[in-house]
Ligand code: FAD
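As structure tokens, one chain now follows by itself in the form predicted alone.
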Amino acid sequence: MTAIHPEPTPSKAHQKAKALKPGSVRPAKELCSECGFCDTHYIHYVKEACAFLNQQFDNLEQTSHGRSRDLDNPDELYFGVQKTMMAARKIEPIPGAQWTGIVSTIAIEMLKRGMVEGVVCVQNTKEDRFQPMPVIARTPEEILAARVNKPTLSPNLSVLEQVEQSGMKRLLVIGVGCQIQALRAVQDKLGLEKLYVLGTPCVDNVTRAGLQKFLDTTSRSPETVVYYEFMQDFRVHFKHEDGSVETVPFFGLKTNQLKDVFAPSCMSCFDYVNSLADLVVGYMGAPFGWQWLVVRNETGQEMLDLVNELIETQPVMSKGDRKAAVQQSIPAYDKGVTLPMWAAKLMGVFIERIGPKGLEYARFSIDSHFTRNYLFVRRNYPQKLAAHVPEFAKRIVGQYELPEK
């Protein structure tokens, strides 16, 4: 990536938009994902940068990766620009990490080797393990304090002014799609010589109140949940303080009570796979117990190379057929269908045995969410539909029969 330098004087955008004060407004209104961008003076660029005001995957993929995704390549249609995909896990997992700790390990190695001066990541407040607290980590200990996902809307970009004021020139940012799109749109204004972006896939975040409702209606012990994840075995896995793992089948979720708990921003998002990150680390395309890695460009490869000796890998695989299950899920979600727990467990076992696996499971998850989100935008923001839904998402949704209303 070429050197990036700050503007020497306030830009015209700054001068013309003095009425926009950091933290005073949310231009995306109810679609705001609380990414933190508008809590900084960069709010002056919000109309260009915000994923919910200006969807611009093609331009930003070109800027970030040197090209846009190939829509005729089935893997790139779904998973974005890529050099390689693989499944991986750490040989020696980090204790307390949500998975094996690949994200934390990469960040620590970059810091220890002097590749970056700081890492934008998210710790939690002392009062609440699920309340996100963005920080610029400068030590391995501060990075480790940020391990484990926070499944709530998080203002990661609220620290951008601190980056600028610190004089840092080399930075790693860990974040999700909506945050990374805004970051990419203004990265040339941060005064950085090198920016690294490590992304995680993201879907269905909630407010803190929404998270509590989910925990209260789903877990046997909501007050002891340390973290949770929707996993490839079609179950939600809850990790508790005592180390025990509680599983609840997808089909047993109280959809009728939880249907409206997800943030409108997440219900109108089409960047599940974090298309603009240099390297993406998640789980959705990997076998159970492994993580799914997508290297999008040379910068992402540079980051992954740091941990080659610390991880074991295997090729990605794909098995099964997702399409019937996706088609059936569309009306089921619309109607808020909730099965009795005995039936949900039985269906979960059945689908786990014969259902989609590997990349096909990832496509199942993408298809299910994209069809749902397309309907949400069509019903609630019809004036935004054409411009807001990217072409790759339109092609994916176009495989299915949607209700007319």
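Since we're looking at a predicted model, the values are computed, not measured. Sequential numbering from 1, following the sequence displayed.
There is another form of the same protein, the form predicted together with the ligand; it is not shown, and what comes next is about it.
- By the 4.5 Å heavy atom rule, the three marked residues Val326, Gln399 and Leu402 all fail to count as contacting the ligand in the predicted complex.
- The closest non-hydrogen atom of Tyr196 lies beyond 4.5 Å of the ligand in the predicted complex.
- Although the partner is absent from this view, Pro201 contacts the ligand in the predicted complex, with a non-hydrogen atom inside 4.5 angstroms.
- Interface membership of Phe234, defined by any non-hydrogen atom within 4.5 Å of the ligand in the predicted complex, is ruled out.
- Contact annotation: Glu117 falls outside 4.5 Å of the ligand in the predicted complex, judged by heavy atom distances.
- Only one segment in the set 169 to 177, 207 to 215, 247 to 255, 187 to 195 has any non-hydrogen atom within 4.5 angstroms of the ligand in the predicted complex, and it is 169 to 177.
- Out of the listed residues Lys150, Arg89, His240, Arg322, Lys150 is the one that sits within 4.5 Å of the ligand in the predicted complex by at least one heavy atom.
- Only one of Ile136, Val281, Leu111, Met267 lies close to the ligand in the predicted complex, with a heavy atom inside 4.5 Å, and it is Val281.
- Using a 4.5 Å cut-off on any heavy atom, the residues of 91 to 124 that reach the ligand in the predicted complex are, in sequence order, Ala97, Gln98, Trp99, Thr100, Gly101, Ile102, Val103, Ser104, Cys121, Val122.
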